[in-house]
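Okay, here we've got a single chain as structure tokens, the form predicted on its own, with questions on binding and movement later.
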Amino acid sequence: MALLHLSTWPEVADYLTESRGLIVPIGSTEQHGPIGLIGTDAICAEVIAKGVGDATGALVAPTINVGMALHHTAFPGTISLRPSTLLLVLRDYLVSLARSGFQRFFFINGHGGNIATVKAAFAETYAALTELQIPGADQVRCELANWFMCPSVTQLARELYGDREGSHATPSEVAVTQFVYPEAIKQGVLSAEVNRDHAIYGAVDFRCRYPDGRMGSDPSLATPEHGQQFYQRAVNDLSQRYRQFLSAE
């Protein structure tokens, strides 16, 4: 594995003679309840992307660590891009990299709120590459892989946490951050009652429905040992998927 930002341009040119694939971690900088780190989604995406890069020999791009998190902005520390802004950022990223010769972009995503915008950005990018007449534009492919939706990951979450996994500030994602940054593990008292399954609207409404930021989850169940298991399962699943992506027509 090599990191794009720690490479020189001649090294990238050499890499492109062997592979046209690039792994792009994308996450978010947003609240994750009283004991979850604000950088959780970016931390998880980055470490898993590096693991997949190690396993497959792929180049890994710098992490896109601010995503679409407008519904979390009533909590201090959250940073969000508008969907329209994120779409343009991703399109510009991809056009720049396609000009260099990359053709297979494998996004490892750590934030559910990014999904719709990332998929829209792929469509915008395909059109932009054609309009700009960039060589090889018709060979560019983009794929979105949400690590938290890997079958082996969701299976482990069910086994360890049952319905206390929830859907935001989950013990599975908190566990991965504890594995990566054991020195930053947070402690706190969580209320026994936590809301779940409400529709998501604006930031003020979200905080009213989910006062401490959690959505049906109990992150106090997380441990670094669990995090290592989630990390390894995600890396294994996504490494296989990345290899399949590279070999597909």
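Numbers for residues come from their place in the sequence shown, where the first is 1. Source: prediction; values computed, not measured.
Quick note: we don't show the form predicted in complex with another copy of the chain, though the next part is all about it.
Does the 4.5 Å heavy atom contact test between residue 11 and another copy of the chain in the predicted complex come out positive?
Flag for residue 11 set to yes.
Give a yes/no on whether residue 54 approaches another copy of the chain to within 4.5 Å in the predicted complex, heavy atoms considered.
No, residue 54 sits far enough from another copy of the chain in the predicted complex that none of its heavy atoms falls within 4.5 Å.
Give a yes/no on whether residue 140 approaches another copy of the chain to within 4.5 Å in the predicted complex, heavy atoms considered.
Heavy-atom contact with another copy of the chain at 4.5 Å: present for residue 140.
At 4.5 Å between heavy atoms, is residue 89 in contact with another copy of the chain in the predicted complex?
Residue 89 belongs to the contact set for another copy of the chain.
For the heavy atom contacts within 4.5 Å of another copy of the chain in the predicted complex, list the residues of 109-138 involved, in sequence order.
The stretch 109-138, when checked against another copy of the chain in the predicted complex, contributes 116, 117, 119, 120, 123, 124, 126, 127, 131, 132, 133, 138 at the 4.5 Å heavy-atom cut-off.
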